[in-house]
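Heads up, the chain below is alone and in the form predicted alone; it's given as structure tokens.
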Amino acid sequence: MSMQELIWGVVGLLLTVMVLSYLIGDNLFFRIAGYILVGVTAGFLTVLVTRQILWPYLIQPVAYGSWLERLWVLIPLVLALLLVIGQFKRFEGAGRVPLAFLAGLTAAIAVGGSVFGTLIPQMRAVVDGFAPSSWYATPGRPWMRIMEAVFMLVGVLGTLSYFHFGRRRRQEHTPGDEERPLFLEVLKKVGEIFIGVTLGTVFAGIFLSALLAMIDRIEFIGDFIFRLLGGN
């Protein structure tokens, strides 16, 4: 084992033990490891933003770009300047302009990503599942693919019905006493099953990932100690 491997191995061993010490309760060593993680992450993000965003899209166009490129760079520069000025209480209104622009852009990206990345592909998958050409596209049992399409349609309708908050008013009761239509109640119960299975699957995946990470670190500790004692 070289000196460099020994140093980094000891550092990794100490950090792993400090993080795993949280299993016995919150303590100083775990907080130190958390501070190191936050500091390293902040430093890495600063370098990443500088090299991937500021340098190619701000500094280079200003220093070496044409007048048109410099004019385009002027827009984010003004927004950034307004954001900095908005940190002063006297000019805090100036910071609302870039914040509003950022919030609107973020909302547009989130909504667009949800619609074009999730809703439309999901709707297309449900519709394509009922295409007769897909039932006989590959050899096998077409009724299995039909059942898959029906199962997927029921899951989509049940999940959407679970988030349906419209209700109708009962005529024989006092105002404010409302109920769902019966078919929506049935679909809601089906949706609860699908949502529960989905959340359980997500939780199991996260738990499994964390468990595999812990096993990997324990294996690292054992391998490092074995090599440190002269094992091959």
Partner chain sequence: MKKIFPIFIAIGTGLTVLAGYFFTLQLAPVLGLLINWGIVLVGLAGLIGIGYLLKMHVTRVAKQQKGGFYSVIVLVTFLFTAVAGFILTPEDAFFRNWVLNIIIPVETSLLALLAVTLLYGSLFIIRSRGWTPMSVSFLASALASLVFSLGYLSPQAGSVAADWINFIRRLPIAGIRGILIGMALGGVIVGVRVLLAMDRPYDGDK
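Residue numbers count along the first chain shown, from 1. Take the two forms, find the largest set of C-alpha atoms that superpose within 1.5 Å, and that set is the rigid core. Since the structure is predicted, the reported quantities are computational estimates derived from the model, not experimental observations.
As for the form predicted together with its partner chain, it is not shown, yet the points below apply to it.
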item: Any non-hydrogen atom of Ile36 within 4.5 angstroms of its partner chain in the predicted complex; value: yes
item: Contact test in the predicted complex: Ser2 vs its partner chain, heavy atoms, 4.5 Å; value: no
item: In the predicted complex, Tyr64 touching its partner chain (heavy atom, 4.5 Å); value: no
item: Interface membership of Leu182, its partner chain in the predicted complex, 4.5 Å heavy atom rule; value: no
item: Residues of stretch 76-97 in contact with its partner chain in the predicted complex (4.5 Å, non-hydrogen atom); value: Pro76, Leu79, Ala80, Leu83, Val84, Gln87, Arg96, Val97
item: Gly34 C-alpha relocation of at least 2 Å between this form and the one not shown, rigid core basis; value: no
